[in-house]
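Just the one chain here, laid out as structure tokens, in the form predicted on its own.
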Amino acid sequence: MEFRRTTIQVENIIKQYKQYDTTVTAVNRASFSAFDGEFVAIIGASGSGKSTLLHICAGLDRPNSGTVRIRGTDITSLSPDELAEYRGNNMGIVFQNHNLIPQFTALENILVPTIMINKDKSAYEENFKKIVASLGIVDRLHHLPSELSGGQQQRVAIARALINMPLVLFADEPTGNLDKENADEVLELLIKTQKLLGQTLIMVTHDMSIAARADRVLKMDDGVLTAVNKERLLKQI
């Protein structure tokens, strides 16, 4: 039997918000794990809690209770400074909105995560060449975001998320703001690059055709996370 190493282990995550006099449970005891190189899709309706869960897993938000372990490190117990350093070294994040710095060139945007953790150029140079080649943006590196198409901007965002060779790549509706042609192209490149570099990919999406490409599918419904039968999902598309 093939041994698969666990990259991320999420246990009993609860996230609640106060809304006037009411307590809203956005995530209700969510648990799952993902292995090295695995692509896990999290689907669900708008407001189901899937993005909140993803942000907690990526260290962008704190749960009320529960743990998120990445290669055994409980990121929910780290201080803000420790978490920022750990996230920079071990996690990459791609958002629906590209979140590029408008005054920076594509190249400068991609290299921001290396500057944040003072990474030496020799440590990422080969990875950089591999990423920009696979994403097809070698000739766009000295352009500003305003000079790039939406698809090209998202490719730059993916390169930025992958530059530090993270253990896990989180993607929150990464093709949500693109037309179908660009969305299909960016998705293909994202999956291709993730497989090339061996990252674990956790993606939130409402698109069933994207979820069908995943190794495993989870569904968020009113804060509750459950496994989805992929064969049944394929029949619904």
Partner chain sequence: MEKVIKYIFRNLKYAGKNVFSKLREYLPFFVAFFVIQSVFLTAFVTTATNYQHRYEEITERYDYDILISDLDYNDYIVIDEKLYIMSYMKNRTFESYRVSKVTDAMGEKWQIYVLMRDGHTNAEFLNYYIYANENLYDTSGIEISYTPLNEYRNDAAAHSRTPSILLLIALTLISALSVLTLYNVQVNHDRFRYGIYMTYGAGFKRLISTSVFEMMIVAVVSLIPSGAFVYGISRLFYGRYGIDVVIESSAAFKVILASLLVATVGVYLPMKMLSRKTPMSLIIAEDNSNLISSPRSTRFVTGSKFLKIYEALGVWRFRKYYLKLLLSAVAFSAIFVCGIYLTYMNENTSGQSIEQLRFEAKKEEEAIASSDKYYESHITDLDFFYGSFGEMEGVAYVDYSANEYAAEAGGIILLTDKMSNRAIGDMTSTRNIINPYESTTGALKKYYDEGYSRATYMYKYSAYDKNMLTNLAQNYEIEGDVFSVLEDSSKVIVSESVMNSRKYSFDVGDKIVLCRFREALPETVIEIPDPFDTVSIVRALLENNDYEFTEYTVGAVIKDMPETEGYFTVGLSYDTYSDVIGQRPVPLCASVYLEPDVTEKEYEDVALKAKQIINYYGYDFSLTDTYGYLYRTLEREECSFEFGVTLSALVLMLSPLVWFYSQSLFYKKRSKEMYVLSAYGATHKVLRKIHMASGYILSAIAFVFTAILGVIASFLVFKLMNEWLPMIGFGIGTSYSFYISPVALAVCLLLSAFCGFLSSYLPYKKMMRGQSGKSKKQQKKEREET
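The term rigid core refers to the maximal set of C-alpha atoms that superpose within 1.5 Å between the two forms. What you see is a predicted model; the values in this text were computed from it and never measured. Numbering follows the first chain given and starts at 1.
There is another form of the same protein, the form predicted in complex with the partner chain; it is not shown, and what comes next is about it.
- You can rule out all but one of 25-33, 53-61, 192-200, 206-214: in the predicted complex, only 53-61 has residues with a heavy atom within 4.5 Å of the partner chain.
- Every residue of the trio 101, 113 and 118 has some heavy atom no more than 4.5 Å from the partner chain in the predicted complex.
- Using a 4.5 angstroms threshold between heavy atoms, residue 135 stays clear of the partner chain in the predicted complex.
- Using a 4.5 angstroms limit between non-hydrogen atoms, residue 131 is distant from the partner chain in the predicted complex.
- Shown alone here, residue 124 lies farther than 4.5 Å from the partner chain in the predicted complex, counting heavy atoms only.
- Interface membership of residue 150, defined by any non-hydrogen atom within 4.5 Å of the partner chain in the predicted complex, is ruled out.
- Contacts between 75-97 and the partner chain, taken as any heavy atom within 4.5 Å in the predicted complex, involve 80, 81, 84, 85, 87, 88, 93, 95.
- After superposition on the rigid core, the Cα atom of residue 86 is displaced by less than 2 Å between this form and the one not shown.
- Once both forms are fitted on their rigid core, the CA atom of residue 77 lies less than 2 Å apart between this form and the one not shown.
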